[in-house]
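As a starting point, one isolated chain is supplied in structure tokens, in the form predicted on its own.
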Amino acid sequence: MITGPALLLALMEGAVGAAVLALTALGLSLVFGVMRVINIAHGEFVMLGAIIVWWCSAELLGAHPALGFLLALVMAPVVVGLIAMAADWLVLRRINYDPERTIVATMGLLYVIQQSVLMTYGPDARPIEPPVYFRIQLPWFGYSGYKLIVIALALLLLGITWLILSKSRIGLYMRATRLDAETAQAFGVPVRRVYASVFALGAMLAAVSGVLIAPIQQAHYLMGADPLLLSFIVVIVGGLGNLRGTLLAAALIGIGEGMIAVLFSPTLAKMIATLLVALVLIARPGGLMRESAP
């Protein structure tokens, strides 16, 4: 029997998952929307963020988990963004961003990152201390204050990303490139630099989500699979390249998946999410919302 407190707990857990999922899926949707690249290695950028926060907290500043976490919040997106830019310059640019070849190329990037982490970090899943310890006491149960901080930070980062896309010059370049890359280049937009920036921004969002989720889960070299799967589900349901649809789908799927996982089982949650994709593809092949500019 599902009680009120159990339902409230499931809703709160779902909100945490939805906030982190929105960051991850937004990066994937942005890359596809502007570059038309399906990044199979997107989940590995999440994993790298989690590995970096473990390194900062446990190895670099082991006595100060809060300082290590704050350092990782800055370090992880920078390092992963640079890796993404290097991958763009070394691989994607040289195959001219061909949609079919980029799938194979990013799949290769996935294995390179995964096996590199395995050789240096090892196969073990390692816990990460939360940067703060406090609980919000509700009438029925206590709830982790860190998880509420995760929601707040994710919403803040989503807002900053939206401002960059809608108000800045680079955001204007991204929208122009997305609509017509050749025309944008004719008007002086540095399209290849925009592509590199978009790929890096998508990776940075994924890395930050890895930093945020690592103290809740554990860091290990295979943890990129679930974020990648859920991000693809969100992007398909929301509409390929549609950022508003992605955020809406992330909220719906994240909360729903989290609630089902808490109330029933994580396996059932994944099954229902996958079934939802099939239903959306049948009923609305373009997603819940039509594709639109960022």
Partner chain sequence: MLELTRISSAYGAVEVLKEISFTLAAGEILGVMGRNGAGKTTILKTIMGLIPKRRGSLKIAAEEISHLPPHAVPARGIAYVPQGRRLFSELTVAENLRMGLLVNNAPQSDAEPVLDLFPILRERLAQAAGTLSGGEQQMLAVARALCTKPKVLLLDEPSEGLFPAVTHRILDTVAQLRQSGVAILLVEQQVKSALRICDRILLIENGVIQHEAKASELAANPVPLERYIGVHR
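None of the values given here were measured: they were computed from a predicted structure. Positions refer to the first chain, counted from 1.
Separately, the form predicted together with its partner chain exists; it is not shown, and the next lines address it.
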Partner absent here, but in the predicted complex, which of 133 to 141, 169 to 177, 199 to 207, 152 to 160 has residues with a heavy atom within 4.5 Å of its partner chain? 169 to 177
Of Val194, Met75, Ala184, Ile83, the only residue with a heavy atom within 4.5 Å of its partner chain in the predicted complex is Ala184
Taking the shortest heavy atom distance, is Gly145 within 4.5 Å of its partner chain in the predicted complex? no
Quick one: does Met223 come within 4.5 Å of its partner chain in the predicted complex, counting heavy atoms only? no
Taking 4.5 angstroms as the cut-off for heavy atoms, does Val189 touch its partner chain in the predicted complex? yes
